[in-house]
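A lone chain, given as structure tokens: the form predicted alone.
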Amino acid sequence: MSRLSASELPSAVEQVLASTPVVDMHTHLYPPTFGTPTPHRGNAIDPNGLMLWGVDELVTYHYLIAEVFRAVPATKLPYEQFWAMSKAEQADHIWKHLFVERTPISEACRGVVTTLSKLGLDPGVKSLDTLRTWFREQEPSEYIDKVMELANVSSITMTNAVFDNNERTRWQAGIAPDPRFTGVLRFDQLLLDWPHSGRKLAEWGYAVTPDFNDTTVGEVKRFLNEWCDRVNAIYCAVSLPPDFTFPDFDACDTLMAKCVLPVCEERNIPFAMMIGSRRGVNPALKDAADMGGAADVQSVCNLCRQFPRNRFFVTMLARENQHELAVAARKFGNLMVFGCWWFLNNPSLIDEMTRLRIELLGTTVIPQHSDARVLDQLIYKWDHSRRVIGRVLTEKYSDLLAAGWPLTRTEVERDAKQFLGENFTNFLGG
């Protein structure tokens, strides 16, 4: 088996990463069975559909909405006036001010440019009309295949929010499975707002009461099991605020310890915690209103120690948490660190975090997930991330060669498979 030389490394790593399929472990994407609001060839438009794709959805992604209000502040275009626009009018406004009158140099803007270019479209147009025409000619299911092929993504993991009325009612009406997509049960409100979520469960026919007696605990577990079955959940997930602590002796603690983690253990599925989201700091921005904050890594350690038979996927939103979280993963085999989440999904931070994690954890991490909310984003998020991960790996392999290790292409291929898919799927199986 031939060894790789230092001069061969960059191209070998780039080729291997590009050719290795990704199992994308966390997205907000949906198949066409959930409806799509995007004009297209074939099926009828569903104004409240959950499958988002196409140029107008790309350009009105909440990152770009927040960014355009820096270029054209609310003193010039009030928030309520922007939200009164149609989707196309919002996209035209953003395109004009971020792509025509300014250089689209931010990561969110560059992502749109990469996506359009990879699709064979001209990202330098002054008007979006010709691009809209191209997207209207696409059929949603065929387009999913096209995007997955361009991104080299073999499987898309959904986020199925059981407390979202739009999504829940679609599941209840019956959703045909799509083999390209897998389900994840998401229930933030259950843990973060028990008075409200408890009332909801009671409305839905579960015999819960405000206190956590045996009946309430049993009914919450029944609710979780029924919905795990319905969405065929491969793991359960919540997003938690920066001030989340465990133990805190509150309703969140009780629900997690008596209901969520026992159900996950019984079903042999992991529990994912995305920690650090501070919601609605500027409510006028709606979906673009959130930011992040530093959280408590010791709470993660407490959970891993107290529930050793449970497995935890964890990602944190604050840069300040990354070193302590990686060190924590050295201490607990039931903790899998994953991805560069949300505001950390920028090349400089992906580079830093991937470097840190590899130095501490070797190949036993999941370096990235897309967190895509618009289907087309799979193209740029994985293109950009593969490039950054490749640069880090090339440097680390170079250090290994200098230390005397006889690195082979087969080893690089093995590592890439672990990073982009196997670490996730193996952790799912325990």
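The structure presented is a predicted model; accordingly, all values stated were derived computationally and were not measured. Note that residue numbering begins at 1 and tracks the sequence as displayed.
In what follows, reference is made to the form predicted together with D-arabinaric acid, a form of this protein that is not presented.
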note = Checked Lys76, Arg279, His196, Arg330 for heavy atoms within 4.5 Å of D-arabinaric acid in the model of the complex; positive is Arg279
task = Quick one: from Ser239, Gln138, Thr216, Thr157, grab the residue that has a heavy atom within 4.5 Å of D-arabinaric acid in the model of the complex.
result = Ser239
inquiry  = At 4.5 Å by heavy atoms, is each residue in Glu67, Phe99 and Cys109 next to D-arabinaric acid in the model of the complex?
reply    = no
request  = Look at the stretches 24 to 32, 40 to 48, 384 to 392, 399 to 407 and give the one with heavy atoms within 4.5 Å of D-arabinaric acid in the model of the complex.
outcome  = 24 to 32
Interface membership of Trp341, D-arabinaric acid in the model of the complex, 4.5 Å heavy atom rule = yes
task = Report yes if any heavy atom of Val260 sits within 4.5 Å of a heavy atom of D-arabinaric acid in the model of the complex; otherwise report no.
result = no
message = I'd like to check something about Asp371: if you look in the model of the complex, is any of its heavy atoms closer than or equal to 4.5 Å to a heavy atom of D-arabinaric acid?
response = yes
request  = Report yes if any heavy atom of Met274 sits within 4.5 Å of a heavy atom of D-arabinaric acid in the model of the complex; otherwise report no.
outcome  = yes
